[in-house]
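As structure tokens, one chain now follows by itself in the form predicted alone.
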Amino acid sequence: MLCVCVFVIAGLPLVTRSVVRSFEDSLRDRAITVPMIVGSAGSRFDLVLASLHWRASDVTPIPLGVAEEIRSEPGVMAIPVHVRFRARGIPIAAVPYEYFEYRLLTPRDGRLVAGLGEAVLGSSAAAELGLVPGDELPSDQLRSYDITAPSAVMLRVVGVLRETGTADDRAVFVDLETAWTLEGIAHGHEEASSITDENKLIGRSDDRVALSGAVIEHQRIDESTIGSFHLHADRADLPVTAILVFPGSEKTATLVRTRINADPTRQALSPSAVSEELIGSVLRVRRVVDAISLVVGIAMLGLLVLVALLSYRARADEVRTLLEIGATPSQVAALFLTEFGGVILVGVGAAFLAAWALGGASDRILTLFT
């Protein structure tokens, strides 16, 4: 009980500061790698956490055509990302090949995504799911009881990435076409011209076949079905969560930011500025926790002193015996100090161990609490 008391006294402030420091480092390290993020007007925190830390949320999508508008500026690189779905609880991040090149993400096993329905796992995601290249991974449905929602898609794992120590370790990467398939915008089914079942047809003419809802869409994308997948939208109108923008100069960045912010439905923001604002909110919470820790610490120290005095009184006969057999008062005091010193050492050691363990799990903590 005394060890637990010491652990609480030392552990609460140590763990809080270690977690907050790791939280700050994780936010800052990811934010400084992307100069600008473009997305729909709304929560800037959700937009940054979704596009940098793969926090799946209901961020209003932005048309893919905006990325082409941004690329029209000389010297600008724009990488669209789509983050809305999960696979067994792990966020699915749909990115183009340029993202792997920019982040220097390379496969530890297998290869990178090369086509529709393929997935490459971050190192932590692969360990958590227990999957290797060649396995299959079903996507999670957003609304399990909604029969109008797109059905789950079976993803083919083709690779596992090397560990990076970032949010990329706990993500399932697919291409953008796969994300649009999960949205239901792209789908595959049996060849319309070969359908003869009248229940699956609404109408037929010389140049067009109208299919009914009775046609079952393919949930598994393989060599026999991939050719039937197609989009039902103009590519410029397809949704993405955000666009990571890398302008070639400050002047170009200003032009892009001004053009985007002129549209009230869009926003261009600096991830570093948003991250610092979020860190400020966390630090205010930490100060409250520090104040609570101080009050709890004073109460616990009072308890320890009380237990020490009561222990000395309860062991009065033992102390008297030690003195009678030749122990000096300083030796008796050293005995008590050694006992309580061991208790304090164990409690403080456990507190430092907890702070170290939780501080090393900053990205997982960020995923759980943001």
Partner chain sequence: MDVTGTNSVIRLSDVAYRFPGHDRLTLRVPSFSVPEGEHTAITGPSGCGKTTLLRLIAGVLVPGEGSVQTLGTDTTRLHHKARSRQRLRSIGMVFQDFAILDYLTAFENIMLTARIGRADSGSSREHARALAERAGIGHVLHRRPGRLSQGERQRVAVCRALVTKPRLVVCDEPTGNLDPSRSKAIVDLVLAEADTLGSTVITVTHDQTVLDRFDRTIDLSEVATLKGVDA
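Note that the structure is predicted; figures quoted are calculated from it, not measured. Residue numbers count along the first chain shown, from 1.
The same protein also has a form predicted in complex with the partner chain, omitted here; what follows describes it.
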Legend entry - Single option in 335, 59, 34, 308 placed near the partner chain in the model of the complex, where near means a heavy atom within 4.5 Å: 335
Legend entry - Among the candidates 316, 303, 323, 41, the residue which, in the model of the complex, approaches the partner chain to within 4.5 Å (heavy atoms): 323
Legend entry - Full three-residue contact with the partner chain in the model of the complex, heavy atom 4.5 Å, for 268, 272 and 276: no
